[in-house]
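Have a look below at one chain only, the form predicted on its own, in C-alpha coordinates format.
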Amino acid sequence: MDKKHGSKLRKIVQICWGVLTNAYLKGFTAGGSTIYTGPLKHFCVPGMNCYSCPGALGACPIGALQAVLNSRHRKFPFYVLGFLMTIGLFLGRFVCGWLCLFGLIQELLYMIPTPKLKMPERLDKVLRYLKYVMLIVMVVGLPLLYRNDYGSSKPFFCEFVCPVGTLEGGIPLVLMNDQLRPALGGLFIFKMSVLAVCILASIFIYRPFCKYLCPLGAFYALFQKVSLVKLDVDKSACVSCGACARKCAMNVDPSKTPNSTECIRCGECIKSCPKNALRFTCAGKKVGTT
(Lines give C-alpha, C1' and ligand atoms only; values in the text may rest on other atoms or scores of the structure.)
Protein backbone atom coordinates (compact mmCIF):
# COMPACT_ATOMS: atom_id res chain seq x y z
CA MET A 1 0.00 0.00 0.00
CA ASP A 2 1.25 3.48 -0.89
CA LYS A 3 1.84 5.15 2.47
CA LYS A 4 1.24 8.65 1.18
CA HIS A 5 -2.08 8.00 -0.49
CA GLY A 6 -3.45 5.02 1.50
CA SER A 7 -5.85 6.95 3.74
CA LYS A 8 -7.15 9.10 0.89
CA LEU A 9 -7.70 6.05 -1.31
CA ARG A 10 -9.73 4.33 1.39
CA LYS A 11 -11.99 7.35 1.84
CA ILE A 12 -12.52 7.55 -1.93
CA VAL A 13 -13.43 3.85 -2.06
CA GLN A 14 -15.82 4.23 0.88
CA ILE A 15 -17.56 7.22 -0.71
CA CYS A 16 -17.75 5.66 -4.18
CA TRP A 17 -19.11 2.39 -2.79
CA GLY A 18 -21.70 4.25 -0.71
CA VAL A 19 -22.87 6.21 -3.76
CA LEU A 20 -22.85 3.15 -6.02
CA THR A 21 -24.97 1.03 -3.68
CA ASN A 22 -27.43 3.88 -3.05
CA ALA A 23 -27.79 5.18 -6.60
CA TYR A 24 -31.55 4.72 -7.07
CA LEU A 25 -32.30 8.41 -7.60
CA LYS A 26 -36.03 7.87 -8.14
CA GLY A 27 -36.33 6.87 -4.50
CA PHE A 28 -35.24 10.36 -3.50
CA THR A 29 -37.17 12.24 -6.19
CA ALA A 30 -40.50 10.41 -5.76
CA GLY A 31 -41.18 11.97 -2.38
CA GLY A 32 -40.31 8.86 -0.41
CA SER A 33 -43.29 7.00 -1.87
CA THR A 34 -41.21 4.22 -3.38
CA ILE A 35 -38.05 2.23 -2.83
CA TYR A 36 -36.22 0.12 -5.39
CA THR A 37 -37.58 -3.44 -5.54
CA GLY A 38 -35.97 -4.57 -8.81
CA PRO A 39 -33.80 -7.64 -9.42
CA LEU A 40 -30.72 -6.16 -7.72
CA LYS A 41 -32.60 -6.18 -4.41
CA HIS A 42 -32.44 -9.99 -4.50
CA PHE A 43 -28.70 -9.72 -3.90
CA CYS A 44 -26.90 -8.63 -0.76
CA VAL A 45 -24.22 -5.98 -0.51
CA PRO A 46 -21.22 -6.83 1.70
CA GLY A 47 -21.74 -4.06 4.27
CA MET A 48 -24.59 -2.68 6.35
CA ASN A 49 -26.95 -0.86 3.98
CA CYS A 50 -30.64 -0.58 4.82
CA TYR A 51 -33.07 -2.26 2.40
CA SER A 52 -35.54 0.57 3.00
CA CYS A 53 -33.15 3.38 2.13
CA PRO A 54 -34.77 5.29 -0.79
CA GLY A 55 -31.61 4.91 -2.85
CA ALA A 56 -30.58 1.36 -1.91
CA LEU A 57 -29.98 -0.96 -4.86
CA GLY A 58 -29.09 -4.08 -2.88
CA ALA A 59 -30.21 -5.83 0.29
CA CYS A 60 -28.50 -5.61 3.66
CA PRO A 61 -27.18 -9.09 4.58
CA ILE A 62 -28.31 -8.74 8.20
CA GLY A 63 -31.81 -7.74 7.13
CA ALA A 64 -31.91 -10.53 4.54
CA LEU A 65 -30.79 -13.11 7.10
CA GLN A 66 -33.55 -12.10 9.49
CA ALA A 67 -36.15 -12.04 6.72
CA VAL A 68 -35.49 -15.71 6.00
CA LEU A 69 -35.26 -16.77 9.64
CA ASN A 70 -38.49 -15.08 10.69
CA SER A 71 -40.63 -16.48 7.87
CA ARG A 72 -43.40 -18.92 8.71
CA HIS A 73 -41.73 -21.71 6.75
CA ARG A 74 -38.44 -21.55 8.75
CA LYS A 75 -36.32 -21.93 5.65
CA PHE A 76 -32.58 -22.32 6.00
CA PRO A 77 -30.84 -19.14 4.71
CA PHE A 78 -28.57 -20.91 2.23
CA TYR A 79 -27.93 -17.91 0.00
CA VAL A 80 -27.40 -15.33 2.74
CA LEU A 81 -25.12 -17.51 4.85
CA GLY A 82 -23.25 -18.66 1.75
CA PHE A 83 -22.75 -15.06 0.69
CA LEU A 84 -21.60 -13.95 4.14
CA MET A 85 -19.24 -16.90 4.54
CA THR A 86 -17.73 -16.30 1.10
CA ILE A 87 -17.10 -12.64 1.86
CA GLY A 88 -15.76 -13.53 5.31
CA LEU A 89 -13.41 -16.24 4.01
CA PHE A 90 -12.04 -13.95 1.34
CA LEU A 91 -11.92 -10.55 3.04
CA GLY A 92 -12.61 -10.92 6.76
CA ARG A 93 -13.33 -7.49 8.27
CA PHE A 94 -11.79 -5.70 5.29
CA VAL A 95 -15.41 -4.94 4.40
CA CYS A 96 -15.78 -2.95 7.64
CA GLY A 97 -12.86 -0.70 6.81
CA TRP A 98 -13.45 -0.19 3.10
CA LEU A 99 -17.04 -0.98 2.07
CA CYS A 100 -19.34 0.13 4.89
CA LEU A 101 -21.13 3.47 4.49
CA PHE A 102 -22.08 3.68 8.16
CA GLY A 103 -18.46 3.06 9.08
CA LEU A 104 -17.48 6.04 6.92
CA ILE A 105 -20.13 8.21 8.59
CA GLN A 106 -18.72 7.32 12.00
CA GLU A 107 -15.20 8.16 10.86
CA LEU A 108 -16.29 11.54 9.54
CA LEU A 109 -18.01 12.31 12.85
CA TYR A 110 -14.83 11.35 14.70
CA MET A 111 -12.93 13.91 12.64
CA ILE A 112 -14.87 16.73 14.37
CA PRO A 113 -12.22 18.49 16.47
CA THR A 114 -13.16 17.61 20.05
CA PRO A 115 -11.36 15.92 22.95
CA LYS A 116 -11.46 12.17 22.34
CA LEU A 117 -12.39 9.54 24.90
CA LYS A 118 -10.49 6.33 25.57
CA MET A 119 -12.55 3.56 27.07
CA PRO A 120 -11.03 1.83 30.12
CA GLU A 121 -9.38 -1.37 28.88
CA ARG A 122 -11.48 -3.74 31.01
CA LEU A 123 -14.75 -2.09 30.04
CA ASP A 124 -13.70 -1.98 26.39
CA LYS A 125 -13.00 -5.74 26.36
CA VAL A 126 -16.40 -6.52 27.86
CA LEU A 127 -18.29 -4.20 25.51
CA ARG A 128 -16.63 -5.78 22.46
CA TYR A 129 -18.64 -8.94 23.12
CA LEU A 130 -21.93 -7.06 22.72
CA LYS A 131 -21.77 -7.33 18.94
CA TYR A 132 -21.67 -11.13 19.24
CA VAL A 133 -24.68 -10.97 21.57
CA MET A 134 -26.47 -8.89 18.92
CA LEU A 135 -25.62 -11.48 16.27
CA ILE A 136 -26.60 -14.53 18.31
CA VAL A 137 -29.67 -13.14 20.10
CA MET A 138 -31.16 -10.29 18.07
CA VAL A 139 -30.26 -11.40 14.53
CA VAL A 140 -30.48 -15.21 14.77
CA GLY A 141 -31.97 -16.39 18.06
CA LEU A 142 -35.14 -14.34 18.49
CA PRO A 143 -36.22 -14.31 14.80
CA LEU A 144 -35.70 -18.06 14.69
CA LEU A 145 -37.28 -19.05 17.99
CA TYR A 146 -40.00 -16.48 18.65
CA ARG A 147 -43.27 -17.03 16.78
CA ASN A 148 -46.53 -15.10 16.88
CA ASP A 149 -50.00 -16.58 16.43
CA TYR A 150 -49.56 -16.52 12.65
CA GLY A 151 -46.32 -18.52 12.76
CA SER A 152 -44.03 -15.69 11.76
CA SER A 153 -41.53 -13.63 13.73
CA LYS A 154 -39.92 -10.18 13.65
CA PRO A 155 -36.60 -8.86 12.30
CA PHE A 156 -35.65 -7.95 15.88
CA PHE A 157 -32.33 -6.25 15.20
CA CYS A 158 -33.64 -4.22 12.28
CA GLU A 159 -36.87 -3.27 14.01
CA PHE A 160 -35.63 -2.49 17.50
CA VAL A 161 -31.92 -1.61 17.31
CA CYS A 162 -30.30 -0.91 13.94
CA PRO A 163 -29.18 2.75 13.74
CA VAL A 164 -28.15 2.21 10.12
CA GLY A 165 -31.76 1.57 9.12
CA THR A 166 -32.95 4.59 11.07
CA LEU A 167 -30.42 6.90 9.43
CA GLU A 168 -30.51 5.55 5.87
CA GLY A 169 -34.13 4.41 5.70
CA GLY A 170 -36.33 5.72 8.48
CA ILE A 171 -35.38 9.39 8.54
CA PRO A 172 -35.35 9.96 4.73
CA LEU A 173 -38.69 8.20 4.29
CA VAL A 174 -40.33 10.19 7.09
CA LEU A 175 -38.93 13.48 5.81
CA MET A 176 -40.08 12.86 2.25
CA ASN A 177 -43.42 11.20 2.92
CA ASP A 178 -45.75 13.14 5.19
CA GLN A 179 -48.24 10.25 5.15
CA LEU A 180 -45.88 8.24 7.37
CA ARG A 181 -45.58 10.87 10.08
CA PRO A 182 -48.94 10.31 11.81
CA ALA A 183 -47.96 6.64 12.28
CA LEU A 184 -44.78 7.44 14.19
CA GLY A 185 -44.76 6.33 17.80
CA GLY A 186 -42.63 5.18 20.69
CA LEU A 187 -40.60 2.70 18.65
CA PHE A 188 -39.44 5.37 16.21
CA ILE A 189 -38.51 7.64 19.13
CA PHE A 190 -36.56 4.80 20.74
CA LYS A 191 -34.67 4.03 17.53
CA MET A 192 -33.94 7.71 17.03
CA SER A 193 -32.49 7.69 20.53
CA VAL A 194 -30.25 4.74 19.65
CA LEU A 195 -29.08 6.58 16.54
CA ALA A 196 -28.49 9.78 18.51
CA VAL A 197 -26.33 7.89 21.01
CA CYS A 198 -24.32 6.31 18.18
CA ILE A 199 -23.83 9.69 16.47
CA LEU A 200 -22.84 11.44 19.68
CA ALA A 201 -20.52 8.61 20.70
CA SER A 202 -18.88 8.63 17.26
CA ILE A 203 -17.70 12.19 17.82
CA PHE A 204 -15.67 11.11 20.85
CA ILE A 205 -15.00 7.39 20.25
CA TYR A 206 -13.72 5.90 16.99
CA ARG A 207 -16.42 3.75 15.34
CA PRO A 208 -18.35 2.80 18.50
CA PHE A 209 -21.07 0.94 16.57
CA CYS A 210 -18.43 -1.15 14.78
CA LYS A 211 -16.60 -1.91 18.01
CA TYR A 212 -19.52 -2.74 20.23
CA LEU A 213 -22.81 -3.36 18.41
CA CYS A 214 -22.45 -4.35 14.76
CA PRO A 215 -23.56 -7.98 14.19
CA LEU A 216 -22.18 -7.98 10.65
CA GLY A 217 -18.72 -7.08 11.93
CA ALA A 218 -19.10 -9.88 14.49
CA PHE A 219 -19.89 -12.38 11.74
CA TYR A 220 -16.94 -11.35 9.56
CA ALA A 221 -14.68 -11.41 12.63
CA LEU A 222 -15.26 -15.17 12.87
CA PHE A 223 -13.28 -15.57 9.63
CA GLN A 224 -10.59 -13.00 10.32
CA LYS A 225 -7.81 -15.47 11.08
CA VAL A 226 -8.53 -17.73 8.09
CA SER A 227 -9.49 -15.19 5.41
CA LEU A 228 -7.44 -14.96 2.22
CA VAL A 229 -6.77 -11.26 2.81
CA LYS A 230 -4.58 -10.83 5.86
CA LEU A 231 -2.26 -8.38 7.53
CA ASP A 232 1.27 -9.76 7.58
CA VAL A 233 4.18 -8.81 9.85
CA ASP A 234 7.76 -9.16 8.68
CA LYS A 235 9.32 -10.18 11.99
CA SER A 236 12.83 -9.65 10.63
CA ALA A 237 12.05 -6.00 9.91
CA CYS A 238 9.84 -5.22 12.92
CA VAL A 239 11.68 -3.41 15.74
CA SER A 240 8.72 -3.43 18.18
CA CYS A 241 8.63 0.37 18.29
CA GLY A 242 4.87 0.41 18.98
CA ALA A 243 4.10 2.95 16.25
CA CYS A 244 1.44 0.71 14.68
CA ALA A 245 -0.30 0.07 18.00
CA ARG A 246 -0.40 3.79 18.80
CA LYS A 247 -1.87 4.54 15.37
CA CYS A 248 -4.57 1.86 15.48
CA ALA A 249 -7.90 3.46 16.35
CA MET A 250 -9.44 0.02 16.91
CA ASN A 251 -7.01 -0.56 19.81
CA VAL A 252 -5.15 -3.44 18.19
CA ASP A 253 -1.40 -4.08 18.33
CA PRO A 254 -0.74 -5.23 14.74
CA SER A 255 2.83 -6.29 15.51
CA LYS A 256 1.52 -8.89 17.98
CA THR A 257 -1.94 -9.76 16.64
CA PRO A 258 -2.02 -8.63 13.00
CA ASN A 259 -5.21 -10.59 12.33
CA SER A 260 -7.11 -9.66 15.45
CA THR A 261 -10.87 -10.01 15.20
CA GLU A 262 -11.09 -6.28 15.94
CA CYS A 263 -8.92 -5.20 13.00
CA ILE A 264 -10.94 -3.59 10.17
CA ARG A 265 -8.03 -3.70 7.69
CA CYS A 266 -7.94 0.08 7.32
CA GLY A 267 -4.19 0.04 6.66
CA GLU A 268 -3.29 2.95 8.94
CA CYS A 269 -0.78 0.75 10.76
CA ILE A 270 0.99 0.05 7.45
CA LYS A 271 1.24 3.77 6.85
CA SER A 272 2.71 4.37 10.31
CA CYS A 273 5.37 1.65 10.27
CA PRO A 274 8.86 3.20 9.90
CA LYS A 275 10.40 -0.11 8.82
CA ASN A 276 7.83 -1.26 6.24
CA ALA A 277 7.28 -4.37 8.33
CA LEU A 278 3.51 -4.49 7.79
CA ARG A 279 1.68 -5.32 4.56
CA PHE A 280 -1.53 -6.76 3.22
CA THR A 281 -1.36 -10.22 1.69
CA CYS A 282 -3.86 -12.23 -0.33
CA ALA A 283 -3.39 -15.99 -0.25
CA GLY A 284 0.11 -15.36 1.07
CA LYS A 285 1.15 -12.93 -1.67
CA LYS A 286 1.87 -9.29 -0.96
CA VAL A 287 -0.75 -6.80 -2.10
CA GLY A 288 0.19 -3.25 -3.10
CA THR A 289 3.48 -1.48 -2.63
CA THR A 290 5.26 0.01 0.33
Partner chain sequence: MKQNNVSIVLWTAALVIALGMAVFGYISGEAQTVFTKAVKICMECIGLG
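Small disclaimer: the values here were computed from a predicted structure and weren't measured. Residue numbers count along the first chain shown, from 1.
FYI, the form predicted together with its partner chain isn't displayed, but the following is about it.
Participant: In the predicted complex, which of 247-255, 45-53, 261-269, 233-241 comes within 4.5 Å of its partner chain (heavy atoms)?
Facilitator: Selected range: 45-53.
Participant: How about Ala221 - does it come within 4.5 Å of its partner chain in the predicted complex, if we only consider non-hydrogen atoms?
Facilitator: No, no contact at 4.5 Å.
Participant: Using the partner position in the predicted complex, report whether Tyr206 sits within 4.5 Å of its partner chain, counting heavy atoms only.
Facilitator: Although its partner chain is absent here, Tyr206 would stay clear of it in the predicted complex, with no heavy atoms inside 4.5 Å.
Participant: Check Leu117 for me: does it contact its partner chain in the predicted complex (non-hydrogen atoms, 4.5 angstroms)?
Facilitator: Output for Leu117 is no: heavy atoms all beyond 4.5 Å of its partner chain.
Participant: Taking heavy atoms and a 4.5 Å cut-off, does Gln106 contact its partner chain in the predicted complex?
Facilitator: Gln106: no, not in contact with its partner chain in the predicted complex.
Participant: Could you spot which one of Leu123, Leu187, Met111, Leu145 gets a heavy atom to within 4.5 Å of its partner chain in the predicted complex?
Facilitator: Answer to the contact question: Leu187.
Participant: Exactly one of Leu213, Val80, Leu101, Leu195 has a non-hydrogen atom within 4.5 Å of its partner chain in the predicted complex; which residue is it?
Facilitator: The option sitting close enough to the partner is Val80.
Participant: Can you name the residues of 256-282 that have a non-hydrogen atom within 4.5 angstroms of its partner chain in the predicted complex?
Facilitator: The stretch does not touch the partner at all.
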